[in-house]
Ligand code: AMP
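Just one chain is shown here, as structure tokens, and it is the form predicted alone.
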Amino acid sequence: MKLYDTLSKTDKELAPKNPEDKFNLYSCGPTVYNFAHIGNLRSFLFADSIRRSLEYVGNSVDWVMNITDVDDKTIKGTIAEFGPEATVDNLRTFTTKYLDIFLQELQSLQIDTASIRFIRVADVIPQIQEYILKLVEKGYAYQTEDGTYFNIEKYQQDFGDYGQLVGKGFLEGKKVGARVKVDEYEKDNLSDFALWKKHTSEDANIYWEHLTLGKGRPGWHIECSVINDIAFKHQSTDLHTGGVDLVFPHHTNEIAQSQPFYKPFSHAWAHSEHLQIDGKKMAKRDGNVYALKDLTGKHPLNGLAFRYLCLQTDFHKPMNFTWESLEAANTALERLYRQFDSLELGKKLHTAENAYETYINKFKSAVEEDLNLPKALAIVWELLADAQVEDSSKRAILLEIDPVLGLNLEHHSPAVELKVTAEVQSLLDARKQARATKDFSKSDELRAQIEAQGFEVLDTPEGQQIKAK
């Protein structure tokens, strides 16, 4: 299986370092201070699709995800809820609430939480402290009156590759500034970043004591480096994933913090592109930051419909979300479920064996060549439309490839049975006749009457269908 590698800017073959080992997959997880927005969820669907595909082509995968429950945002949220005397215990309570919501959301998206090893930052503070001290001993970090910082200039002198994840020449024309304490910052603010932040009144009573580092808490970037190190026992990660927004500074700084101990930090990097809303960047000021609850509140299938929608766009490309596109994905998914359910259950494959192999091989090729899931999804519809392949074969093929797509074909929830009154059925019959005679004005009039009764009419390739609004 090959995947585009952000660091080398080439398609890279994915394989564990030792063929007998599990494939080490790491994904930057959520910051649990609020609901994850659907752009975040797209990045987790990307990682889940990679995990599913790696297993499909024969790998055993050890998938690790950090839970950021100690950072600027989680502390600010805790203080807002518990007040200026908030403690570490309050931080735990606050972040656990959003962690539980996140885990439920993953399940709604058909991401199996049992397939992931979650590691909370708050559970590994001693290991983070020890790691920081080793960086100080090696000369890649230094202590100041307000914390401990990573020395970019020293790293660049020894390794010469700071910022290469962004692209060659990243440092050209840039000068490393003094220090930056905040977790997130832009490319033009190139400064030594905080590994350990000394406690201030802004952190309430949220801090950890350390004899050498002082009273404080870790910076954001060091957390993932340490969790990788813990999870994979001081070895390079096979593949590190995240959203493209993490390339700088987060992933760039992870590399710099880790390579003084082993190089490469990760053999390959994969990033999913941005998700936009109606062609615009998600922003609170525009009121277009959507969480999964905003989708599923409109229709119970919309968790999986969002997954289906994401499968239609290459994860390496920006995705534009609209309510219309989600509705279309929901309609297509319902149609897929209906067609799957209508396939006869015959146990034997009556179709010629080469037809079965042809579809499996086409699907596998799409997955192996840079995770081309839009093509893989198109193969599903091609298969269903192929009159030369009998139902029993179609069903067997779909059941074999669905573990990659994650659409839960065999065990999907049945559609809610609609109770259509005689009056509504009469309107439906009349509308069907109007469309048959191309009286579209009458058809639209009847549609409005049907919608006034609480139903929605869909014109599909299979004919007129109805659903609850």
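Start at 1 with the first residue shown and count on from there. Computed from a predicted structure; not experimentally measured.
Keep in mind that the form predicted together with ligand AMP is not shown, yet the notes after this line are about it.
Exactly one listed residue, out of 136, 282, 292, 333, brings a non-hydrogen atom to within 4.5 Å of ligand AMP in the predicted complex: 282. Scanning 373, 275, 380, 355 against ligand AMP in the predicted complex with a 4.5 Å heavy atom cut-off leaves one residue, 275. Only one segment in the set 104-112, 393-401, 240-248, 192-200 has residues whose heavy atoms sit within 4.5 Å of ligand AMP in the predicted complex; it is 240-248. Ligand AMP is not shown here, but in the predicted complex it comes within 4.5 Å of a heavy atom of residue 37. Not displayed here, ligand AMP is kept clear of residue 63 by more than 4.5 Å at the level of heavy atoms in the predicted complex.
At least one heavy atom of residue 31 is located within 4.5 Å of ligand AMP in the predicted complex.
Interface residue remark: residue 44 is counted as part of the site for ligand AMP in the predicted complex, having a heavy atom within 4.5 Å. In the predicted complex, ligand AMP lies beyond 4.5 angstroms of every heavy atom of every residue of 91-108.
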